[in-house]
Structures are given as C-alpha cells and as structure tokens.
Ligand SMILES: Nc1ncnc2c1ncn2[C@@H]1O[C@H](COP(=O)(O)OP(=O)(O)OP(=O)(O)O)[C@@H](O)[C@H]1O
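Take a look at this single chain in structure tokens; it is the form predicted on its own.
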C-alpha cells in the first residue's frame, strides 16, 4: 500500500504491573520506510519500552502498533522477531558459536541452505568491515567494538526491512564509538533500512537520525522533528534544556561548508606589490597575507616578513597546515579557525582553492 508508514504508534500506553505511573503515555508517531528515527530522553522516559513493543518483547497496555500497516498483535511473535533486526548494547552473542555462526543464526532458523547462509556471512563480513580472521573465533576473543560489529551483522543477516537498535554503541570507548557511528551511516546509505535507534546521547541522535523523538518521563513525546529543526526551534523549555547550552555548536555539526558563501579572504596575487599586500591586511584586520592566483593558493606569510622585502614572490611561504573540503561541517571549520595561526580555514576541492572561512562567518550561522 502506498504511503503506509513502516512503523506506526497510535495512542500507545504502557503501565507495568504494580506501577501507578505510565512508562509510556498516549504516544503517537510514525516512522517512514527507509528512515532512521532516534528515541532519546532521560532515564525512565520509555525509550527501550517503545522499542521492545515493536517486536512484542513487551506488549502495550493500550493503543496500537503497526508494522507496514499490520497490527503487530496479529503476528506470531517469533515470526515477527525473525523479520526484524535487533541490536542491543550488550550485543548478546551466543558464546558457544563462532563469529560466522553467530552471524548466520537467523538465516539458519529461517531454513536457508548452507551455501546461501555462508554466502550471506561472507557478504556481511565485507559490508561491516570485519576481519576475515575473526570468522572462527568466539565472542570472548573479541574486543567491544568487534562484538558490536558482529551484533550489527547478525541483525542484518536475514536482510530485514526494519532494524531496532538499543544503545548499540554505548558500551565502547569514544574513539571506537565514533568509528562505529560513521560505519552505521555508510551502511545505512547503502541499504536504507528503516531504523529505530535508542540512545542517551543527543550528539549521536542528531548525527545518525533523520528525525529525533525527544521523550519526557512517562513516555510523553515533547518533540518529533529533524535534528536541524529541533536545534533551531526547540518546542519548549524541556527540549531546550535537554539539548544543552551548546545547541548552536550542534547545529554547526549538521551544516556543511558548502551551505555558506566562501570569500577569497586576505589574499593577493604573487605579482601584487608589498603595498597592496599591506592594504589587504589592513582591510581584513589581520597580521598575515595569503598569496593566491585564481583557484591556486600558494601559501601565506606573516605581515612582519613584508618589512624590507622587495616583492612577494621572493618570500618563503607557509602552507595552510589545516585545510578542509566543502563537504566538511562548519564545526570542523570552527575547530580549524580557533586552532590555526591564521584564524581562518582554507577550503579546497581537490587541489582547487575555493575560499576561506572566518570565525565571523561561522558565528553568523550559530545565531541564524
């Protein structure tokens, strides 16, 4: 059926036995096919409860959950779960089975023949960038990052249309976590799986998700929008507080350099005169000058080295050690600006010089 949401929550409520307060309260939202939605909020806001209700690990007290238009309560729970990939923080790999056997678990349960199972395992080793030497190792022999990769591969093994991920990268160190997040984005770009992701990290949510659902205690939905819309226009004081005081910087992480107009910056041609270079420095209020001809940036020199020089071409040029491409984020650019001697970020397309970014230009994007 056209335009049917991949996942639909309609007035869903969950009250656990013995509790007077609802874990989820009258929640309605839709997840489009191929979309990644992040569920985020304080502890006790019902994030994991919502996730587990999709594959009937938890049953709702009231309301309806549909998967591709079908009420999940009408589905056999075991069959439903085999058609949905599920990744958890603790991974849950079977300790007595090798890495390859763990990845092939669901296809085997679905009755795939051995040749098809092992072909799929090989495909996933390549997709998830797992070292082939890990095939015959056991989970206890793996690092945390390797176990998470295997967990993702296992969830993808039967090529499910839906992926549920419960803090999948929360148990690894920040460096490995960033690498896994980047790999998730690359895999998602290739596969386009409908994904619901539970996370406690707002930076992870805005990096990975197409839309973010911010929940309050009791599973109350406070805002459900694309990350940029939430950062630009928080729905209320709770959302604003949850985002933190650096939401302007978070916005910069989502904006590519290509979204702003670049300027040539304090630059003159190598054939320009010393006086022209001084005038350019004064105009920009800097103590250095760049030398550029067309789309070629030769380098820069401190203003003090113009003293006594006969021409610019005779000066020893410094390279812009930190440079960026136009698909980098404005947050990356800001890091270069504040840490460089020139307080400017040079932007290139391959070897072609595109222009510069200053702190002033980036700052305007924070408050826009």
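This is a predicted model, so every value here is computed, not measured. Residue numbers count along the first chain shown, from 1.
Missing here is the form predicted together with this ligand; even so, the following discussion is about that form.
Proximity to this ligand in the predicted complex, defined as a heavy atom within 4.5 Å, holds among 36, 55, 342, 49 only for 49.
Note on contacts: among 200, 73, 264, 96, the single residue with a heavy atom within 4.5 Å of this ligand in the predicted complex is 200.
For residue 89, a non-hydrogen atom is located within 4.5 Å of this ligand in the predicted complex, even though that partner is not displayed. Contact between residue 310 and this ligand in the predicted complex is not found at the 4.5 Å heavy atom cutoff.
Under a 4.5 angstroms non-hydrogen atom cutoff, this ligand in the predicted complex lacks residue 69 among its neighbouring residues.
Although the partner is absent here, residue 302 lies well away from this ligand in the predicted complex, with no heavy atom inside 4.5 Å.
Here the chain stands by itself, but in the predicted complex one stretch of 334-342, 321-329, 26-34, 41-49, 41-49, has heavy atoms within 4.5 Å of this ligand.
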